[in-house]
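Quick heads-up: it's one chain on its own, the form predicted on its own, in structure tokens.
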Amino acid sequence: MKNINRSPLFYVGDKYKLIEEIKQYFPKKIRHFVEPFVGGGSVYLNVDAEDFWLNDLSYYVVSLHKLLCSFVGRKEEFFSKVFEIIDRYGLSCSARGDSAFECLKIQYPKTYFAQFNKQAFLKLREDYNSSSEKDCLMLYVLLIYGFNRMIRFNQKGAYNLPVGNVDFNQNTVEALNSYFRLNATKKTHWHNEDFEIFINRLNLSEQDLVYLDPPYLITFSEYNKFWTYREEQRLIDILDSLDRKHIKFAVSNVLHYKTKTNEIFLNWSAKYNVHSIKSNYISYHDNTIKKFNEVLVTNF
């Protein structure tokens, strides 16, 4: 994994651990690399292309990417602003060698970061939610210190995750440094819209690749709960449309999970190339690791 760049959003379900396996099926030369479900961005960060058209339905995910990209070439200013927030609220920061949390390791060997940061995190969360103009930098800090480093809002639009058992550590610093370095040379175009609308507005050709990592119909997580059979049908319809135009696509999905089978995708995929991917699935509601049948389907 030393040669793989990880997204500093640490997105649940991203392809960081699978990118080497998936990437081997990608074309050697790509003009436009298109991701309708970019998520944390671990895939595009590890792909070479002339430019990158990146989209996600989540306004917050796209906003965080745009925030980070705005600091390309001035990462020192970014770290300075993040550390100012950390210090203002009294959060731990092991990346700087902070050790105030050490006294809790014996009493709380598995949750000492959470115990130390809980009150500071709740205050940060309260201030972020009560602000009329949401500070995206504060949201990024909440993401880093939040449970499972997820992005979740309630029906009133308030960020509502509890504190997590992690802090701003060296892994975060390394992921950010890689992100700033890679995006200094990548031509990225960010969009926040429905995947079908996004794809249809692009003028694509045979030299391009559309990679899709949609929500999985038969698995249960915070990011999949609004994905229905109708969405799955729209997905395969747009993929068939790309194929008719001789535009290359690669799509990740799950055929079997526990006792469930994604019949609609399974039947559709039979007319393309199906590559089995070794994978583990971690659910927000159940943190145990479960084996399941993930595949990469390509039309080339």
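Everything numeric in this text was worked out from a predicted model, so none of it was measured. The numbering used is simple: start at 1 and walk along the sequence shown.
Unshown form predicted in complex with a small molecule; subsequent notes refer to it.
Engineer: Based on heavy atom distances of at most 4.5 Å to the small molecule in the predicted complex, which listed stretch, 29-37, 256-264, 270-278, 242-250, is the contact stretch?
Structural biologist: Partner-contacting stretch among the options: 29-37.
Engineer: Within 4.5 Å of the small molecule in the predicted complex, do we find a heavy atom from each of G13, N55 and S58?
Structural biologist: Yes, because G13, N55 and S58 each have a heavy atom that approaches the small molecule to within 4.5 Å in the predicted complex.
Engineer: I'd like to know if Y108 sits close to the small molecule in the predicted complex, meaning any non-hydrogen atom pair within 4.5 angstroms.
Structural biologist: So Y108 does not count as contacting the small molecule.
Engineer: Does any part of W190 reach within 4.5 Å of the small molecule in the predicted complex? Heavy atoms only, please.
Structural biologist: Result no; W190 lies far from the small molecule in the predicted complex.
Engineer: In the predicted complex, is there a heavy atom of the small molecule that lies within 4.5 Å of any heavy atom of D213, even though the partner is absent here?
Structural biologist: Flag for D213 set to yes.
Engineer: Given that the small molecule is not shown alongside this chain, does K66 nevertheless sit within 4.5 Å of it in the predicted complex, heavy atom to heavy atom?
Structural biologist: No, K66 sits far enough from the small molecule in the predicted complex that none of its heavy atoms falls within 4.5 Å.
Engineer: Have a look at W227, F78, F153, F220 for me and say which one sits with a heavy atom within 4.5 Å of the small molecule in the predicted complex.
Structural biologist: Partner contact (heavy atom, 4.5 Å) among the options: W227.
Engineer: Give me the residue from D98, E174, D127, D194 that has a heavy atom within 4.5 Å of the small molecule in the predicted complex.
Structural biologist: It is D194.
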